[in-house]
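Shown here is one chain on its own, the form predicted on its own, set out as C-alpha cells.
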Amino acid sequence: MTHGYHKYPAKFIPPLAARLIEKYTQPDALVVDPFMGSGTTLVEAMLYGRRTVGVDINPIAWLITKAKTTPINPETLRLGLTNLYDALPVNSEGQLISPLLGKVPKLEHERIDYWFIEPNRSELEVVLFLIKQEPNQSVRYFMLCGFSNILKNCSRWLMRSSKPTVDKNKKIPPLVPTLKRQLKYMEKRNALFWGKMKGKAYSVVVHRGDARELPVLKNSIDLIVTSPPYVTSYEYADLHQLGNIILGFTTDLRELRKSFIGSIQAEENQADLLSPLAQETVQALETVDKSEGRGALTYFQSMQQCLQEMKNKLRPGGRTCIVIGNTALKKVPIPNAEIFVETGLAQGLQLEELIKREIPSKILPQTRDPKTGRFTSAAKAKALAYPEEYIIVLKK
C-alpha cells in the first residue's frame, strides 16, 4: 500500500495495527491515533472499512498522512506527474536545465544554506515552485510528500544517523532524478491503494494538533491504536527540519520543538504524577542530570493528560492500545510500559491485556552514540533503544 511513501523514525508496523483493528472493532467503528506519525493506523483502518481520525503536532506528519490516506485516480495522478516531469528536464549529469533557475521565489533560511550545496540548492526552489502550481490538491500533496522524503538524501545529511549530522564524505545524488524515482515508486503504491479502496465509502480526518485535544466527541471512539513518543527519544522537529522549513511549515525550529511531547524543550505544566513509578524515574534522572529529569517530568505529565483525554473520548467499552517499549536514559531505566499502566489504572481504565513482543535487532539496533546519533556500543550510549516493546490494552 502507501506505507512506503516517506521515511519516519520508529515507524509503526502495519500488520500490528491491522491485527488490533480487526480484533477489537467491527466495520464502521471509529479508530483514532492521537500520535499518527506517518499515518499507518489510519491507512489500515481505511482498508478494514473503519472510520478513522489521526492527530499529530508535526506538520510533516500531517502532510505524509494526508498523502498516504488519499487514494488518487491513477489517470489523474499520471497526468499531474507527466506535467511535472516535462517541466524538469535534466542534462546527462542529472542537473536541471530550466529557464526558471534563479527566477522563482528564493528559499531564505540559514538551515537550507547549511544543508544544501549547488546545484541542488537552486533546484529546490524550482521544484517547489512547480509542485505548488499543481491545481489538484491531492496530487499536490502527493508530490510534496515525495519531495519531502528525498530532501535528506539530496543534502549533506548523514543518512545513517538518528540526529542531524553532516556527512563530509557524502556523494550527494542529483535532485531531479532522485525525485522522479521517488514519485514513480509512490505512483505504483497509489495504484494498489486505489484498487483496494475503489468503490468503497470511507471517512478519514487528518488533523494537525495536540493529542491532549482530540477533535472528536466524548464517548465516541471505539478504538485507539497508537505508538506515542518516548522520553526525549527523538527530537522530531530536528529530524524533520528540512521538510518543515523548505515547505514553509516553520521558520523557527526552537518554537516548533516546544510544541512536541517528548522534547526536552517542551514547556512544563503543573499536573501531579499519578504513577509512583513515574515519580521514582524522574527523581532518579534528576540525580544524574537535572535537565533530563525536568524533561522526563514534563513528558510524563503530558502523557498523563493524553491518557485522560483518550479516556474521555472513548465510548464505554472502548479500548486504548498503546505500543511502547521500555528504555533507558543516562543509563537510568525508564519503565514506560509499567508507567502507562499505572497511570491508566489511576484514571479509572481497566488493564485488559499486556503483550510483550521482541523487535528483531536487524530492524532496531540497540544503542546510539550521544553526540552523532550513530549506532554504537552500550558503553557509549546515552539512551538505550528498545529491543522489545509492549502492547498495552486499556478498556473503559
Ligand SMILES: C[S@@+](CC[C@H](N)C(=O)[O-])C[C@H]1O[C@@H](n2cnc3c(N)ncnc32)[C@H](O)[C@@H]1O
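Note that residue numbering begins at 1 and tracks the sequence as displayed. This is a predicted model, so every value here is computed, not measured.
Just so you know, the form predicted together with the ligand exists too; it's not on screen, but the next bit is about it.
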(request) Could you tell me which stretch in 313 to 321, 73 to 81, 128 to 136, 221 to 229 has residues with non-hydrogen atoms within 4.5 Å of the ligand in the model of the complex? (result) 221 to 229
(message) Check Thr69 for me: does it contact the ligand in the model of the complex (non-hydrogen atoms, 4.5 angstroms)?
(response) no
(message) Is Ala211 near the ligand? Define near as a heavy atom within 4.5 Å, in the model of the complex.
(response) yes
(message) Does any part of Phe147 reach within 4.5 Å of the ligand in the model of the complex? Heavy atoms only, please.
(response) no
(request) Flag Phe300 as yes or no: does it have a non-hydrogen atom within 4.5 angstroms of any non-hydrogen atom of the ligand in the model of the complex? (result) no
(message) Using a 4.5 Å heavy atom cut-off, which residue among Thr52, Thr40, Thr343, Asn336 comes into contact with the ligand in the model of the complex?
(response) Thr40
(request) Can you tell me which bits of 1 to 40 touch the ligand in the model of the complex, meaning any heavy atom within 4.5 Å? (result) Tyr8, Pro9, Ala10, Lys11, Phe12, Asp33, Pro34, Phe35, Met36, Gly37, Ser38, Gly39, Thr40
